[in-house]
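Form predicted on its own, single chain, as structure tokens, below.
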């Protein structure tokens, strides 16, 4: 009976500890329906597992103290072959807890993914940047992720090179961008503002700048706006895309963007600010063949202060025509 009382007290103390952890507000800001549902499950699990921790710890410590071997003790405890009632309870109670956790997790998952999507966006991970396609708007390879608040958004996550991890802490939703696969994610933003985007995999030497606030990072963030702001942004982005396509350097900028060059290099015509590799604005008037070699065989000549980290496959991934357009534009200063 003494251990039972101690166990009950330990359970209560453990649950109170769980409540204190939840009340401390250690989680990031909630900014989506999925964050609210996920935190609800998390809070319940913390409180219940806190109670289990308190029960086990209290009974363990009490048993060590009460039933410890004392100096001069010669009595030997009788062997215990089993306790049917105890075995039934320690099977039933964990089973109930697991079933309960499964039920609330299923409800949260169903609430997270239910309903018809309002918007579809394709997210591209690349070394070392993110790009976004908006099929319904006819926009491709956008540098900024802008979404309307309250919209049910289906994200299709893909990668152009290695594995990346797409994670917005305020949304509580994370999924991998895996080579050769498409993964999917549903998010319904509930707050406007700018929210941090993080790559959760070490995807290469430029990983630290991919969605962080370190010096030299882009940094990448998600912008959630009102419906009116979204409509205005969409119209502006479509107009900018049309203007770029009709400009002399538009083809080169499109090739540069789709190849992911802006993740590492700054180039004014493409409005890219990458700092992992050298800036390209200074190439105007340069040797076109040297520029071509730097793209197709980047290890041949390295710029001082930058390592040999550029992918070596652009000679194969870019068509000869696209390569010519890009080289001519870079050598001509974007004209």
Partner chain sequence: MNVFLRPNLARCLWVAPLTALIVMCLTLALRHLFGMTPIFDSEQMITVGYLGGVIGFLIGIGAFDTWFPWMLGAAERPDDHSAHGARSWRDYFRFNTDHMVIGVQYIATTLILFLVAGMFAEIFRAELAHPGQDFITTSAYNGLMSQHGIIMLLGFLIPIFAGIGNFVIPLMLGAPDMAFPRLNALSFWLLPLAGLIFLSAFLVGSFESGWTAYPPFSTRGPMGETIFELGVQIGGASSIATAVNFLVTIITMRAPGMTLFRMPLLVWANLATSALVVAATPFIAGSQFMNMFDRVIGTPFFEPDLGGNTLAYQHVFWFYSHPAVYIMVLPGFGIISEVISVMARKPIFGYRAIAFSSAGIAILGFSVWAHHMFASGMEPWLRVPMMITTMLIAIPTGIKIFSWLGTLWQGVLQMTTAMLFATGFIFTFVIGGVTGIWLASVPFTYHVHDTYFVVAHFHYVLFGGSVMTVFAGLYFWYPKVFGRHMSESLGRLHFWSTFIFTNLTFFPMHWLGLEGMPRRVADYDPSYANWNLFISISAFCLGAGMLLFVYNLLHSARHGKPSGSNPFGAMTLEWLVSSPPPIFNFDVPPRIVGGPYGYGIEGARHAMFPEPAPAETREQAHA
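The term rigid core refers to the most C-alpha atoms you can superpose between the two forms while keeping them within 1.5 Å. On a predicted model such as this, the values are computed, not experimentally measured, just so you know. Positions refer to the first chain, counted from 1.
Keep in mind that the form predicted in complex with its partner chain is not shown, yet the notes after this line are about it.
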Find out whether any non-hydrogen atom of residue 180 is located within 4.5 angstroms of its partner chain in the predicted bound form, and reply yes or no. yes
Is the gap between residue 149 and its partner chain in the predicted bound form 4.5 Å or less for some heavy atom pair? no
Is residue 279 one of the residues lying within 4.5 Å of its partner chain in the predicted bound form, judged by heavy atom distances? no
Does any heavy atom of residue 172 come within 4.5 Å of a heavy atom of its partner chain in the predicted bound form? yes
Among 195 to 203, 114 to 122, 137 to 145, 235 to 243, the stretch whose residues bring a heavy atom within 4.5 Å of its partner chain in the predicted bound form is 195 to 203
Listed residue that, although its partner chain is not shown, lies within 4.5 Å of it in the predicted bound form (heavy atoms), from 56, 302, 271, 290: 56
Determine the residues of 77 to 103 with a heavy atom within 4.5 Å of its partner chain in the predicted bound form and present them in sequence order; the list may be empty. 77, 78, 79, 80, 81, 82, 83, 86, 87, 90, 91, 94, 95, 98, 101, 102
So, does residue 306 move by 2 Å or more at the CA between the shown form and the other one, with the core held fixed? yes
Is residue 275 one of the residues whose C-alpha moves 2 Å or more between the shown form and the other one after the core fit? yes
Rigid core aligned, does the Cα position of residue 44 differ by 2 Å or more between the shown form and the other one? no
